[in-house]
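What follows is one chain in structure tokens, specifically the form predicted alone.
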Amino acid sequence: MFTYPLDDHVELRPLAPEQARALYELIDDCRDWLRQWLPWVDSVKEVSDSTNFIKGALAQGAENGGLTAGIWVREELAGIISYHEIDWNNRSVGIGYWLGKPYQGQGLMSTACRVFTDHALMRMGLNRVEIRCATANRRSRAIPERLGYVLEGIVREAEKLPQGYVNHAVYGMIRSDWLRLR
């Protein structure tokens, strides 16, 4: 299990099953906020749903197919960042993320995404990292834009949320661009 400090009070750590209650409570406390952008929120109905998510993330990580980390602020879970399934043949991966509402606007996710991007491209030897965000989710879109990702296109009706289908902005970062930006 790794711990990666982002500053004196913030760190990335893999989730463990004993943290399922903290994960569930963060989701439940921010349910209305998260529901706007994340289709899975309403399927998290009890702590066991969070336990199952954590176990699945750990299994995927053990198979070298992804990585999920909690973002911890002063020992409180603030959100999640993860590599979606790694495509080792094409040397690419997508990053997904979310923060509880009280933790937004502090640069936490930009810093975490910078670390995950650098790790994927420089340490894991991948060539491409992709981030997809609902086009109307300005806060989420600001993160890849701030990090220098290229807006590569819009995928229409890419995701079904409770309010209906949303388009996704697709941002990409390739290793050669990252080397110039570092």
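For clarity, every value in this text was computed on a predicted model and none was experimentally measured. Numbers follow the displayed sequence, beginning with 1.
There is another form of the same protein, the form predicted in complex with a further copy of the same chain; it is not shown, and what comes next is about it.
In the model of the complex, a further copy of the same chain lies farther than 4.5 Å from every heavy atom of Glu25. Taking the partner from elsewhere, Arg141 is found to have every heavy atom lying beyond 4.5 Å of a further copy of the same chain in the model of the complex. At least one heavy atom of Val115 is located within 4.5 Å of a further copy of the same chain in the model of the complex. Among residues of the shown chain, Ala20 is not one whose heavy atoms approach a further copy of the same chain to within 4.5 Å in the model of the complex. In summary, the region of this chain contacting a further copy of the same chain in the model of the complex, judged by heavy atoms within 4.5 Å and restricted to 42-50, 133-141, 25-33, 120-128, corresponds to 120-128.
For the stretch 85-117, the set of residues having any non-hydrogen atom within 4.5 angstroms of a further copy of the same chain in the model of the complex comprises Asn89, Asn90, Arg91, Val115, Phe116, in sequence order.
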